[in-house]
Each structure stands twice: as structure tokens, then as C-alpha cells.
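Given next, in C-alpha cells, is a single chain: the form predicted on its own.
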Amino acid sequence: MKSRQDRLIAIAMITPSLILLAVFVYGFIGQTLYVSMSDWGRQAALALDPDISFIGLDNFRELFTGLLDVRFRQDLVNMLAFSVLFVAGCLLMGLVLATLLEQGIRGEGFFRTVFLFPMSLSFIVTGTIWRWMLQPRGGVNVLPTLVGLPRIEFAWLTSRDQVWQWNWQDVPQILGILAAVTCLVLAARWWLTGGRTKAVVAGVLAAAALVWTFTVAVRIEVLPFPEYHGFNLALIGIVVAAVWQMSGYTMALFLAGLRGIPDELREAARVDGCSWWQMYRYVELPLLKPIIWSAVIILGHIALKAFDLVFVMAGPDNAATSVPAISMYLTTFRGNQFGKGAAIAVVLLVLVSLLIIPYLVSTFRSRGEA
């Protein structure tokens, strides 16, 4: 039982940290939110006493529907594509490497060090290395000539070709379908686990989302003209460099998870006649789910905040590889549009929060149930 004095000492010890967090984290977040709803930057942005007015959500509306903010919208598409490919690539490479090392191969310590070494580098160093590796007339492009094959002509960081194009006008319908699919998945999950009331509510919400998608959403005019966005092939070089750096991290996570699986479970599966693939599919992968989710959260928030790697490899003015963090930097510190730059920062904060908050809630719930 802790005494009153112990509690007072504990409170006194953590109070300075709480004050610093309140001022330098949450205080600055509040300041950024306020600036994002102001017109700071439209007139005399660098004046000693700038005239700032509250304009509500106008900066956000301009970013998503303004005629001049097409680059921000393409940056959002780039960021989502980069995040999906980066996370998937790291998970796949990490799982393959961990599975191979878990077989007890000779020289495991050496290979483990080699695979983990890129993680010790900063994204600045990684970007510098891979910028040289992906030069149009050197590096990776001339490797085939060593065995007599023709050189590769692909413009890794400067290609202007796009694939998987879609119209920005379709965003309301896409969001409606995503909401309906999410509700249907939750409804199915709750129905199978016995939560019939929750399942019915989720099903009703899914039906409402579908009705809204095919009645109201089709009449919403986001822009007065079609605006097509897609996956820029120049991003492939950025994805390769990022996966090279972080796949060692996921390998370490998966290797620790595989080593933590009791041998009795594998032995029982072998006695039941499981093949190698069945043991991997029905025993090892389910037990690795918490590690997979942790890796997705950590890698996902790294991808959403990507800045230094893109800046070093392709520069801030390369629109084909730009991401919202680059746009925020250019808008705020080159364009002196502090209000709009803060709005981009708030959008990034919301996206990262959408990824992290559900994970934290799920973690706290599982700890409470335990």
C-alpha cells in the first residue's frame, strides 16, 4: 500500500513532464489548429504584427476543392500509395527473412547483422545512397551490362508516367463505399462472435451508406471539371529505398515472434499431420498477428510523415514524388502561407491519429480484460 508521501513524491516527479508536454506538444497542436483556421499568409505574412482573421474551414476547403491546390491532392494520393507499398513491402521482406533465419542456418548472426544494418542509418543517409544508385546513367540501371544485357532505361525518380488513374470527382462515392464495406465487415465480425445487436446496427449503417453513395454522393460536385490522379511510377524508387531501410526492423520483430512460439504447438501440429504450409498458415501466422499489427502501426505512421527520404532523393520541387509533408514545407516556409501550411499539418495529424488511436484503444481494452 503506497503512503500519502509516496503519492506526493510521484506527482512531484511527473508534474514537470506533464507541463512540458502540455506546452510543447498539445499547446503547439492547439496553436497549429488555430493558425489553420486563419488567413495568416494572405497579406503581409512576415509583418511584425500581421493582420490575422478567423476564416473557419476555408483553408481545408481550398486544399480539397480549390482549383490551385491540385498538387496537394496528388500528394495525398502519392502518400497513400507510398504507405501501402512501403508497409506491404516491409512486412513481406521481414517475414521472408525471419522465416529463413528461423530455420537455424549457418552464419545466422552475420546475416542478422547485415539485414539490421540499414536500420541504423538515417533516412538522409539512405536517401543519399539510393539517389546515387537510381541515377539514370549509373547504379541499378547499368547492372545488367555486367552480364552482357542491355541497360535499364527506367527513370526511377523522374518518371512522369501514372497508372491506376481515377477521377477526384469520385471521392464522395469512394468514401461512401469504404464506409459501407467497413460497416459490413464489422457486422459480420460481431454476428459471428455473438454481438447480434451491434451487428444489426452496423448492417443498418452499411445500408444507409450505400443509399447515400448512390443517391446523394453522385450529385456532389467536388470540382467543376474532371481531375485525374494516379500512382506515379517515380515513387517506386522511393519505396525501394524505404523498404531496404526498414525491412530489417520487421525481420527482427517476426524472428522474435517465431522464436517465442512454443515447440509443443509445432510438435502437436506435426502429430496431427500438418504439412509445412498448414503449420505456417494455421499455427505460426495467427500467433504473429499482434506483431503484424504493431508493425503496421509503426511503419504506417512513418510512411504518413515521410519527408526527409523524399526530400533527399528527389528534391522538394519534384511533383511526381511529392508528399503532403513536402507541400507543407513549401507552402509554409517558401510560400509564407502559414494558414494553409498549418491546414496541411492538421490533415497529416488527423491521418496519423486515424491509424494510431484505434490501435491504442484496442491495446488498452485488451489490457483491461487481462
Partner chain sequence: MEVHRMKPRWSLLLIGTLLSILLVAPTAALAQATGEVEIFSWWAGDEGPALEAIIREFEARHPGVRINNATVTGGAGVNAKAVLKTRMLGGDPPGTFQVHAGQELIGTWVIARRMEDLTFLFEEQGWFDVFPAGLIDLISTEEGVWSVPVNIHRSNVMWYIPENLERWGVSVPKTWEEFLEIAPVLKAQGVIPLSLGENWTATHLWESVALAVLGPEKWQQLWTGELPFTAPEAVAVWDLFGRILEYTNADAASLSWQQATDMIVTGEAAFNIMGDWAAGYMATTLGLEPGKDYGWAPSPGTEGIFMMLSDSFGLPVGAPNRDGVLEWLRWIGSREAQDIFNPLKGSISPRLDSDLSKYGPYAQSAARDWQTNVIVGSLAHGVVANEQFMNDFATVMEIFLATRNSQAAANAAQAIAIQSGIGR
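Positions refer to the first chain, counted from 1. Please read these numbers as outputs of a predicted model, since none were measured by experiment.
Keep in mind that the form predicted together with the partner chain is missing from the display, and what follows is about it.
Residues Thr99, Leu285 and Ser294 are none of them found to lie within 4.5 Å of the partner chain in the predicted bound form, as judged by heavy atom distances. Put simply, of Ser38, Thr32, Thr65, Gln337 only one has a heavy atom within 4.5 Å of the partner chain in the predicted bound form, and it is Gln337. Between the partner chain and the residues Ala345, Ile302, Ile52, Leu330, the one pair within 4.5 Å by heavy atoms in the predicted bound form involves Leu330. Taking the partner from elsewhere, Phe311 is found to have a heavy atom lying within 4.5 Å of the partner chain in the predicted bound form.
Taking the partner from elsewhere, Ala319 is found to have a heavy atom lying within 4.5 Å of the partner chain in the predicted bound form. In the predicted bound form, the partner chain stays beyond 4.5 Å of every heavy atom belonging to Lys289. At a distance threshold of 4.5 angstroms between non-hydrogen atoms, Asn167 is out of contact with the partner chain in the predicted bound form. The stretch from 197-205, 256-264, 86-94, 155-163 that comes within 4.5 Å of the partner chain in the predicted bound form, counting heavy atoms only, is 155-163. Using a 4.5 Å cut-off on any heavy atom, the residues of 124-148 that reach the partner chain in the predicted bound form are, in sequence order, Arg131, Gln135, Pro136, Arg137.
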